[in-house]
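Take a look at this one chain, the form predicted on its own, written out in structure tokens.
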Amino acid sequence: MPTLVVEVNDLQKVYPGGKKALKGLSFTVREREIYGLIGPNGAGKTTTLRILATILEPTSGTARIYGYDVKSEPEKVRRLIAYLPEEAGAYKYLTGLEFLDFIASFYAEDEQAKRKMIQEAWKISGLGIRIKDKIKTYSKGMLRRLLIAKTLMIHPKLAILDEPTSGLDVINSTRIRRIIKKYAKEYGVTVLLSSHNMLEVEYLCDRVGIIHEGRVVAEGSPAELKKKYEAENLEDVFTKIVGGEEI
């Protein structure tokens, strides 16, 4: 049996004022798997990722990463994960290279390991000589590429990616998807991602959980879901399950 990296059981989150974001969410993610969590706006995707990243605490239920409880053992969880929010930022007055050096200094065991980590991130980013420019001069897409590089260069046990290719053009989106797949298959990085891009999810993900109104309402590989719901693509599956209106 594959090792379970993520175990979410009956997770509930109620925000101040009584809004219920999660209403008994349950799913698992296996080691070396790319798992996609998809759903309409407001379904609870980002809340779920923030709980797993130890930024939010659940109201009830459990969430574990490699057996560690995200609520009672957050420090142990943080040693295993890297989290990329959808609206992440960076220190704009540093150069891209200085930013990578700063981040790598927290993870590398020695100077040689740090240099290797930075070189790897530089390659992932595809920024070329622009890596030496101030981050404040970067476009949204360039910043996103830098942040993806920062997330993957440390080879986390679990990479939690919220809209990983947000703001990227087609060429860079395609390139980043290939890199994510490579890190999962060759380096053993387990990936949990959320995306509104169904093409991206179908290409990347081994399994998909469709979340609606705070619960996972369907789960399986893209092929299994398409077969079950007699759909040509994942977008059609999503529409049938969530109940999109016909135009």
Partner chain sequence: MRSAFLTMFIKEIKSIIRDPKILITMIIVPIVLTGLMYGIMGAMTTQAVKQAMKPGGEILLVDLDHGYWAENFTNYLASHKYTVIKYNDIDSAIKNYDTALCILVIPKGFSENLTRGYRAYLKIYYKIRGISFTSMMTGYKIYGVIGQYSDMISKHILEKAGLSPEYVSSPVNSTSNIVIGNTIIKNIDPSQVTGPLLILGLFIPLIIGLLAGFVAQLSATSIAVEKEEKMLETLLTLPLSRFSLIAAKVAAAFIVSLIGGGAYFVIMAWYFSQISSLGPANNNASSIALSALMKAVGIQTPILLIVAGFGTLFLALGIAILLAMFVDDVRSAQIISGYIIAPLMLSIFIGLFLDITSMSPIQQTAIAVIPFVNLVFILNLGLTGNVTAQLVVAFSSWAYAIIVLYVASRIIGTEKIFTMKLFKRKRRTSYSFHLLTR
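What you see is a predicted model; the values in this text were computed from it and never measured. Numbering follows the first chain given and starts at 1.
Not on display, but discussed next: the form predicted in complex with the partner chain.
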- Task: Run the contact test on 57, 89 and 95 with a 4.5 Å heavy atom cut-off to the partner chain in the predicted bound form and return yes or no.
- Result: yes
- Message: Between 105, 119, 174, 139, only one gets a heavy atom within 4.5 angstroms of the partner chain in the predicted bound form; which residue is that?
- Response: 105
- Message: Taking the partner chain as it sits in the predicted bound form, is residue 188 in contact with it (heavy atom to heavy atom, 4.5 Å or less)?
- Response: no
- With the cut-off set at 4.5 Å between non-hydrogen atoms, does residue 207 touch the partner chain in the predicted bound form? no
- the partner chain contact at residue 156 in the predicted bound form, heavy atom, 4.5 Å: no
- Would residue 67 show up as a contact with the partner chain in the predicted bound form if we use heavy atoms at 4.5 Å? no
- Of 197-205, 217-225, 180-188, 36-44, the segment with heavy atoms within 4.5 Å of the partner chain in the predicted bound form is residues 36-44
- Message: Using a 4.5 Å cut-off on any heavy atom, which residues of 191-212 would contact the partner chain in the predicted bound form?
- Response: none
